[in-house]
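Before any questions on binding or motion, here is one chain by itself as structure tokens, the form predicted alone.
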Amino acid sequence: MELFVNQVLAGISTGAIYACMALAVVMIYQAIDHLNFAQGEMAMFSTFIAYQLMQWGVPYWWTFPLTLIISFAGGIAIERALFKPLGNAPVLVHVAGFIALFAILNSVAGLTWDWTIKQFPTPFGNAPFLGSQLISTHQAGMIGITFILLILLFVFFRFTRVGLAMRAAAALPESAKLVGINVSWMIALGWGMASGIGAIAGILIAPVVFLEPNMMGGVLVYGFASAVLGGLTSPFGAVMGGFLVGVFENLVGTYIPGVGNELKLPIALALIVTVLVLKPGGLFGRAYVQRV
């Protein structure tokens, strides 16, 4: 029993990484109905901006809000410059745009800050959390910030006029236009928020995986998996999906003989496929109803 509890705790700490990225993935999906394959690179680039600010002597707790503001503005700029002109283009054109953005951000980051691995500071420290060797204070801080983000998003989308307008623009864009909602700018705002959330994810993940241009590759795959498992229409589902994937892969690696780290992802993806066959909208996503 003790082994089981320890592995669940370790899985939750890993799942916090996936949950942060899944939350950013869902935000853009709700805005444009597409998965952003460059989401990880956007988060990585924002983390390098934070790193550069600290290299210039800006304190950590000033760097954090400054990076969020820059990332928010950058997300809106990317949507306005690249994806707004592609609004009515076929899906494959959007995919090509995401791949181009991925390559551009990765290359620019490598050329600007080089490809060497860099250490990134954490404000929480890395001591054992409450005496447990399985969760550090940084990982506990990640879990706490993830839930704080979730609560803030819930309040924003449920109780603010802008949040309600964004929900309307995402769900029924034509009807939203009829009541005076600027759907185009709601989409841009969704990009900005997703970019800001991605920046938080990158800043929290960098002390664990270290900072370099390819740091988000594996994390993004797990972030996609978590978002799909929890439901692409639900920020709460994305976070829960992240924790579920983290716990599941940890338990599989512990209790199924012969499963090493290289097999954890295929097994987790097999679980996701199974869930989607039974519930296509994900565990917490809403069902799609289409009139014919």
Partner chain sequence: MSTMLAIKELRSYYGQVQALHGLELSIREGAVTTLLGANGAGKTTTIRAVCNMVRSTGSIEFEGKSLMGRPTESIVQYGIAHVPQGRGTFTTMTVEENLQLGAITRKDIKAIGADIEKMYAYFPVLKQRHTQQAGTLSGGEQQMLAVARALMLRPRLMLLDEPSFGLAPLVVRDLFGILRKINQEDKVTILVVEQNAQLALELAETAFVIETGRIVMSGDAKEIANNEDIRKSYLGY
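What you see is a predicted model; the values in this text were computed from it and never measured. Numbering follows the first chain given and starts at 1.
What comes next is about the form predicted together with the partner chain, which does not appear here.
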Flag V179 as yes or no: does it have a non-hydrogen atom within 4.5 angstroms of any non-hydrogen atom of the partner chain in the predicted complex? yes
Answer yes if any heavy atom of R167 is within 4.5 Å of a heavy atom of the partner chain in the predicted complex; otherwise answer no. yes
Would you classify E174 as touching the partner chain in the predicted complex, given a 4.5 Å non-hydrogen atom cut-off? yes
Only one of these stretches, 154-162, 67-75, 200-208, 187-195, has heavy atoms within 4.5 Å of the partner chain in the predicted complex; which one is it? 154-162
